[in-house]
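As C-alpha cells, the next two blocks hold two forms of the same chain, structure 1 and structure 2.
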Structure 1
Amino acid sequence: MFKKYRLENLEKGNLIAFGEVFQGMLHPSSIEILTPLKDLGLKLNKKVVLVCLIDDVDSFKDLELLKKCIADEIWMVCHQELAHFRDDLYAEVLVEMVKATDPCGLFFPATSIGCSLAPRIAGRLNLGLCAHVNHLEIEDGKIVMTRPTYGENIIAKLISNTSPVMATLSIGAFSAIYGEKEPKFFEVEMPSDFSWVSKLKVRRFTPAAKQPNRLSTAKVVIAGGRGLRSKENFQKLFELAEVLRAEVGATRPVCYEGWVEEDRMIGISGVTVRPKVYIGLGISGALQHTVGMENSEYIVAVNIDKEAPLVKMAHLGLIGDAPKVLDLLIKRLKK
C-alpha cells in the first residue's frame, strides 16, 4: 500500500517524532508534538518524520488523521510482532532506525509508553534524554529544551551533548495543527537480519474500563489543591463539574495523597489544559502546576492567601475558604 523503502535507503538527519499507536489507535499527543518540531524543522532545514510501529496497515484506524498531519514524512514499520507494545522490541526497532538514519532529534510524547520507551533507547545508545519538556527552540544552531525546575518559579533551559537530541514532551503542552499537504508515506523494511524477538510475552490485555478523562480538551476545568483540606471536600468538585459540564483537575500533592487519580494531575508532570474558564481552589500556583494551565482564557483562583502566585496570575482572585466557597457554589447552582 505504501512505497517500501529499506531502512538504509531512507533519508538521514531528520527530526523524528514517535507516533504512539496502541491497538490500532494513534495517541493524540503524537500529533501535538509535531507542532514544535515543524518549527524546529523550518529553522534547521530538516524534515519532520513521524514514525509509527504497527502490526499491519489494515488494523490501523487513524490513517486519515495521519494524512492531515504536518509531518513531512510518515515512516511505518509493519510487523506482526509489533501488535502489542513491548519495551525491548520497540526500543530495538528505533535503535536500528537511529543507527541507520542518524536523526538530529528524537522526540516522544510523555505518555506512559513514551516515558518507558525513550529511556530504554537512551540507555542503549548512551544518549542524553530530557523529560517533560514544554518548549523547544533553536539557539546558536542548537536545540534548546525548556522545562520548569526545582524551586519556586524557576525555568531551566537544557541542551543535550549527544546526537540525536532526545526528549519526552509534556502532554497537551503543544496544540495540534493540521496542514494542507499530505505527508509522504513509506513502509520501512527492516534489515533481513533484524531479530524480531522480545523477552516479554503478552498473555492477556484487558482494556481500561473507564474512558480516559477529557481534561486537555475541556472547556471548563475546576481544579483542586491541598487547600481543599480533605478527600471528601475534593470529591465535591465532581458534583460541581457535573453542573458546569466541566472536567476535574488536581495538583500533584493531592494526587499523591490519593484524593484523586493521577491522570487528573495538571502541570509539567501531568497534562496541560487550555479551557475557556479554569477555576483553581486551594492551589498555591507553583510553576510546575501553572505551566499546565497558564494559557486558560479566564483564570479564577480561590485561596485564603492573597499573595499566592495563582491569585496573582488569576483574572479573578477570590480570597476565602475554598471548601466553604465550593459548598455554597454547588448549592447556589443547584437551586
Structure 2
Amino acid sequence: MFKKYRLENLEKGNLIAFGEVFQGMLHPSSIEILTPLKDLGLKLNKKVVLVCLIDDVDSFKDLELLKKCIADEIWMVCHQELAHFRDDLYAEVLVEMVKATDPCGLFFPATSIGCSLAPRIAGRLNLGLCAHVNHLEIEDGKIVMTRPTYGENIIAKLISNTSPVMATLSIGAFSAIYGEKEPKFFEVEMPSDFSWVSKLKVRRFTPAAKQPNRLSTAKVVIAGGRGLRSKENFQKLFELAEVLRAEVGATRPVCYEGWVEEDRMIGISGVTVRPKVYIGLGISGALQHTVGMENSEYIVAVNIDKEAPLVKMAHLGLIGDAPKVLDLLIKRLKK
C-alpha cells in the first residue's frame, strides 16, 4: 500500500514522534504532540516524522486521521510480532531507527506506553530523557523543554546535553491541529538480520472492563477538590456529569485520598484540559491544579472562600458550600 524504504535509506536528522497504536487505533495524544513539534520543525528547518509500529496495515483503523495530521512523513513499521505492545521489542525497533536515521529529537506522548518505552530507549542509547514536558521552544538554536519540578512547586526549563533530544510530552498539554497537505507515507523495512524475538510472551489478552475517560478532549469538565469533604460527595459529580454530558476531573489531594482514580487528576502531574466550560467545586486553586485547566474558555468556581485563587481567576464565582451547591445543581438540572 505504501512505498517501501529500507531503514538505512530513510532521511536523517528529523524530529521523530512516536505514534501510539493500540488495537488498530491511534491514541489521540499522538496527534496532539505533533503541534509543538511542527513549530520546532519550522524553526529548525527539520521534518516532523510520526512513527507507528503495527502488525498489519489493513487492520489499522485510523488511516484517514493520519492523512489529515501535520506530520511531514509517516513511517510505518509493520510486522506480525508488533500486534501487542511489548516493551523490549518496541524499544529495539526504535533504537535501530535512531541509530540509522540520527534524528535531532525523539518524542513520546506521556501515556502508559510512552512512559514505559521512552526510558528503555534512553537507557539503551545512554541519552537524557525529560519527562512530562508541557512546553517546547527554541533558544539559541537549542530545544528548550519546560516541565514541573521540585514537588511541582517550580517550573523548570531544561536543555538536553545529549542528542537526540528525548522527552515525553504531557497528555492534553497541546491542542491537536490538522493540515491540508497529506503527509508522505512510507513502510519501513527493518534490516534482514533484525531479531523480532521478545522475552515477553502474550498468552492471553483481556480488554479492560472500564472504558478510558476522555478528560483531555471533553467540552465540559466538572472537577472536585477537598472542599467536597467526602468521597460520597465527590461521587455525586458523576451524577451531574451525566446530566451535562461532561467528564469528571479532580485535584491531586482527592486522588491521593482515593476518592477517584488518578487518571482523572488535572494539573501538572495529571491531564491538561481545555474545555469550553470548566466547573470547579471545592477547589482552592493551587498552582499544581490551575496549570492544567487555565486555558479553559469559561471557568466557574464554587467555594466558600471568596479569596481562593480559583475564584479570583474564574469568569463566574459562586461563594457557597460546594456539597450544598452540588446537590442543588443536580436537583435543578434533573427537573
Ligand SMILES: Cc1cc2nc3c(=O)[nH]c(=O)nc-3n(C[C@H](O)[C@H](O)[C@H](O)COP(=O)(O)OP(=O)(O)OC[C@H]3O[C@@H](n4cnc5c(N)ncnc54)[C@H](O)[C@@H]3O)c2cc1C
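Rigid core: the largest C-alpha set superposing within 1.5 Å between the two forms. Since the structure is predicted, the reported quantities are computational estimates derived from the model, not experimental observations. Numbers follow structure 1, counted from its first residue as 1.
The form predicted in complex with the ligand appears here as structure 1; structure 2 is the other form of the chain.
Core-superposed comparison between structures 1 and 2: CA of Val243 displaced by 2 Å or more. Relative to the superposed rigid core, Ile279 undergoes a CA displacement of at least 2 Å between structures 1 and 2. With the core held fixed, the Cα of Asp327 is displaced between structures 1 and 2 by 2 Å or more. The rigid core superposition between structures 1 and 2 gives a CA shift for Leu318 of 4.5 Å.
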